[in-house]
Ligand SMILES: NC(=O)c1ccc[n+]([C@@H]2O[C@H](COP(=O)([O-])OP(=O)(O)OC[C@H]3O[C@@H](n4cnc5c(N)ncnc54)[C@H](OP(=O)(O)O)[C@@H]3O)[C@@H](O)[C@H]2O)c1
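Heads up, the chain below is alone and in the form predicted on its own; it's given as structure tokens.
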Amino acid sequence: MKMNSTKTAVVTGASGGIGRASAEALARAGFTVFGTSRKASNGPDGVTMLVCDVTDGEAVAALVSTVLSKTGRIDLLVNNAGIGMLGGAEEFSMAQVQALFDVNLFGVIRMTNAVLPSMRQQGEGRIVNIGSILGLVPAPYSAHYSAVKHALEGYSESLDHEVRAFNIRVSVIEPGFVRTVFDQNGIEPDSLLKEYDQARAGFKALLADVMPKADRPEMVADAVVKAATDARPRRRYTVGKAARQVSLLRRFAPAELFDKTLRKQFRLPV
């Protein structure tokens, strides 16, 4: 899809995975794209990479100021920067949980608050948050990650109602398993407990089976472009066959059936 007018997009966490694929897709769609990463990195063709740590309010403000000085406007913000966390809920320290929320939720809020004034002034804008199917359903050994994605869902939908009067829309992208190194770059528990060793090993084996067959980042990127360009953007874009099936099952299946199905999927005793 090619756009005739030039619009400016900012994509956080654009050095790899979903962020990089989204930045590339938006550039092909005609956007002037600025990607961010915590450390200096080479971005895809057609994307200007800038350094920004979304946990640093001053860095976020400087990033937005830089982009506005170059283009005069920000039409689209894609909040993709994030980290993972895999393990038993009680194995993580409070400092680790706070670090997860600081990137995956508060980083989104910092970036959003920084771009909203200019979007309101120009009378339009789009904000696209990369969520997860874990924002709709639970997953064992992902309690804190699931919690932050559930929070992102509530924040995004509430914000969409607030800013729609300014012709600004907010959407959440909900992928399932995606073929990236995201699961390998997460926070490891501070205190591994032997009681979870067997179950943790089983879950990691499940990931090893699933990830090679998971959806490609480009599928998520296509949904990002749709959310950015649809005349009537949806609040949620569920990506991939598996994620859509899980979403439907969560909505319509009896609670007991859903519980058994989920435990079977994650190789837990039913």
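The first residue of the shown sequence is 1; numbering continues from there. Everything quoted here is computed from the prediction, not taken from an experiment.
There is another form of the same protein, the form predicted in complex with this ligand; it is not shown, and what comes next is about it.
With this ligand omitted here, the record of contacts in the model of the complex names 168-176 of 168-176, 195-203, 87-95, 116-124, defined by a heavy atom within 4.5 Å.
Contact check for A151: every heavy atom lies farther than 4.5 Å from this ligand in the model of the complex. Within this chain, V54 lines the site of this ligand in the model of the complex, having a heavy atom no more than 4.5 Å away.
Among residues of the shown chain, T180 is one whose heavy atoms approach this ligand to within 4.5 Å in the model of the complex.
This ligand in the model of the complex is not approached by R235, whose heavy atoms all lie more than 4.5 angstroms from it. No residue in the set V137, P254 and R263 has a non-hydrogen atom no more than 4.5 Å from this ligand in the model of the complex. Scanning 129-156 for heavy atoms within 4.5 Å of this ligand in the model of the complex gives I130, G131, S132, Y145, K149 in sequence order.
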